[in-house]
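Listed next as structure tokens is one chain, alone, in the form predicted alone.
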Amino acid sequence: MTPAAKREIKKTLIGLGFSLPVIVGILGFTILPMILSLIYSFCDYDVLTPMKFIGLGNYIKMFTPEPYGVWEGFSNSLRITFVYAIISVPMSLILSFLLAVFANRKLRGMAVYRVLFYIPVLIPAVVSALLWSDILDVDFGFINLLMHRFGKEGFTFLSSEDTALTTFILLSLFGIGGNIILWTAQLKNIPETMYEAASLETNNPMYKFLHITIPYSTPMIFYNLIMGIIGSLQVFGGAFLLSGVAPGALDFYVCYIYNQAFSRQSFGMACALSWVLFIIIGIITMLIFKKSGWVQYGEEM
């Protein structure tokens, strides 16, 4: 074996050595659990008793009314999750984009505003849910106590099924500053020459915003749209902690999966529900990619 060949083998082994932790992590904590969950989804499995193969039984139960199936809970959790996604994703996209456009302006003290916009993102979801639960408490919450002080009736917020979902959607908007870094990076890539050329025709800021800022930002809009949809369909932490305030109002799909697994000990059904969510996300993502003709990349400008 030549010295050059030995050096190449050594480099390859060193590269594999550095990559090995990632490879083992993906195989052990992603690929293997996915394979096992697919197997469990075709079984009646509760951990305590031997696993029993039932074929498509768990999937059939999803569309079977109670007491023989779980159609009511399955459909209700899907409805709540899709309502949340349809409302929160566009609101988050629009507001975070406008916030980034404002934060990208060259004004004195703008760095301080950027930090303030981002601070809510640093609060963990569990801590944030507990804080809002106390602040919005119907009897002892700060906001309702303040309303009582001014002679107004307290608002139900999270304690009523009629207002819980709306309140939760509004609370989710406090995290829109998380995308400000991505939006800002995209806005910084817009050539100043485009704005200078537009200034020769008009000084209308709205014209520049509609014909330069938005078209050049479509790749990031596309990315945030996909990630926003995926994230909204997998809402769990905050919703799970707040779901006990108004039972059923915040029973999101992933919360329903958790309850099937750990409350009803129906791990086979939970795995089947998880694969249905995987398929739903895959279909929606594929459709968005097929309809991505509106995205304009740099070379297409």
Partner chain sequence: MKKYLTCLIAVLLTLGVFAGCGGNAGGGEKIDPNRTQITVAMKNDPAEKLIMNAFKAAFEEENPDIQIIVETTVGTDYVQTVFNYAVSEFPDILWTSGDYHSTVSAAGKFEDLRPYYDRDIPDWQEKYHPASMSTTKINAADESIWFAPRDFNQLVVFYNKNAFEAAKQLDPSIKDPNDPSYYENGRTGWTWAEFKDTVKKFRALQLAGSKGEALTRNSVAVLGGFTWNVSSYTILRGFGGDVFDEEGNVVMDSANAMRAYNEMIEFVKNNYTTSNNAAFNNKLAAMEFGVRTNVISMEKLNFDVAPFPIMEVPVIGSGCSGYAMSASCEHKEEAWKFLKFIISREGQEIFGQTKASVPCLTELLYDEDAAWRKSTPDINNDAFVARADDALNLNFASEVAPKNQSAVVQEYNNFFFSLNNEKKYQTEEGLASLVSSYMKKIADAANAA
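As the structure is a computational prediction, the values presented were derived from the model and not from experiment. Positions refer to the first chain, counted from 1.
Below, we turn to the form predicted in complex with the partner chain, even though it does not appear here.
Interface residue among T64, S37, N259, Q234, judged by heavy atoms within 4.5 Å of the partner chain in the model of the complex: N259. With the partner omitted here, the stretch from 113 to 121, 158 to 166, 96 to 104, 190 to 198 that lies within 4.5 Å of the partner chain by heavy atoms in the model of the complex is 158 to 166. In the model of the complex, at least one heavy atom of G17 sits within 4.5 Å of the partner chain. The partner chain in the model of the complex comes within 4.5 Å of no heavy atom belonging to I31. In the model of the complex, the partner chain lies farther than 4.5 Å from every heavy atom of F53. Under a 4.5 angstroms non-hydrogen atom cutoff, the partner chain in the model of the complex has P21 among its neighbouring residues.
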